[in-house]
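Only one chain comes next, encoded as structure tokens, the form predicted alone.
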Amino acid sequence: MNAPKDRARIVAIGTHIPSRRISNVERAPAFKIDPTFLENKIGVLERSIKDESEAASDLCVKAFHDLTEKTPIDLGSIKLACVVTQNPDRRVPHTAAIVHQKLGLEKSCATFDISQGCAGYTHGLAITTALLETLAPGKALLFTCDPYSTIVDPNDKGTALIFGDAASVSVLSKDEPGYALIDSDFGTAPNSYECLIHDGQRLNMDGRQVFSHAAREVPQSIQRVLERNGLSTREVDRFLLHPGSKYIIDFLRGALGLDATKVPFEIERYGNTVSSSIPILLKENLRRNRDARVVLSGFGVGFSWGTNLIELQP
């Protein structure tokens, strides 16, 4: 393990949530969904939707601009740029190369994409942390962006009221205080990939299967990480779990025996933003609380999951 001074840390997060909204309250009657179910089970009252002309790289650049409004960044210090997305601008090249050009990053900056969904941030954090800790001094940018408005059928009851568009960028540095990655747990349920799949025309989701996998695997994944580090749930300040729906978050909160204040659910006004959901929550946590110890857990497409234990370090 690296000495504390050599550990990569999350030092700042920028986000972009498009201002355009589609009301689920107005659309729900068409699917014969009543307001109580919409609010208490799905938990999404309106969804953020990007402009049709925007691609994933455009949303990533807007998240970067949100970041630099508050945290000036020396572009020459960026040694690594990673984009987590399953909705890239093009099949070739990778979206990170397009973001690299739009931001004017330097020749010495490595770029690559990670094809992951709702567990994408947890995977991306582990990979970029490991790479940055092997590189010369510098920073890494970890982007997330999955504009599902391009693949969801607006008339599909199973997906039309859940997903929103957004992007995020996390800055990782070895030279500043922030959240360091302490431990991770990853996995993929055998014979499960068809539970959430794009068939070339639209996104199809077997909600019952997704819930079943999440209910079984996520609590076990979190407990494995805590046990390896000699921790109980009482010794973790916040659990930022991928907010697939209010129903699944309420179930996981109960399964882990956690108080509601420890497991925020804040997507009512923009929806499930896939790989961006956890960094959006983490940004708010950085702004409001700066908790000393946090667990992140993402799950979904694959069916895959990833859990990170992070701690605030000077």
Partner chain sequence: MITRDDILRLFIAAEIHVTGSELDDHAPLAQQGLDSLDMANLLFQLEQSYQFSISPTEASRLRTLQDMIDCASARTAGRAANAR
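Please read these numbers as outputs of a predicted model, since none were measured by experiment. Numbering follows the first chain given and starts at 1.
The following text describes the form predicted together with the partner chain, which does not appear among the structures shown.
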Quiz item: Would residue 215 show up as a contact with the partner chain in the predicted complex if we use heavy atoms at 4.5 Å?
Solution: yes
Quiz item: Would residue 265 count as a contact of the partner chain in the predicted complex, using a 4.5 angstroms cut-off between non-hydrogen atoms?
Solution: no
Quiz prompt | Distance check, residue 234 to the partner chain in the predicted complex, heavy atom within 4.5 Å | solution = no
Quiz item: Using heavy atoms and a 4.5 Å limit, would one call residue 156 a contact residue for the partner chain in the predicted complex?
Solution: no
Practice problem: Could you check which residue among 223, 71, 209, 77 gets a heavy atom within 4.5 Å of the partner chain in the predicted complex? | Solution: 209
Exercise. Heavy atoms, 4.5 Å, the partner chain in the predicted complex: which of 267 to 275, 280 to 288, 34 to 42, 48 to 56 makes the cut? Say which one.
Key: 34 to 42
Practice problem: Scan 137 to 161 and write down, in order along the chain, each residue with a heavy atom lying within 4.5 Å of the partner chain in the predicted complex. | Solution: none
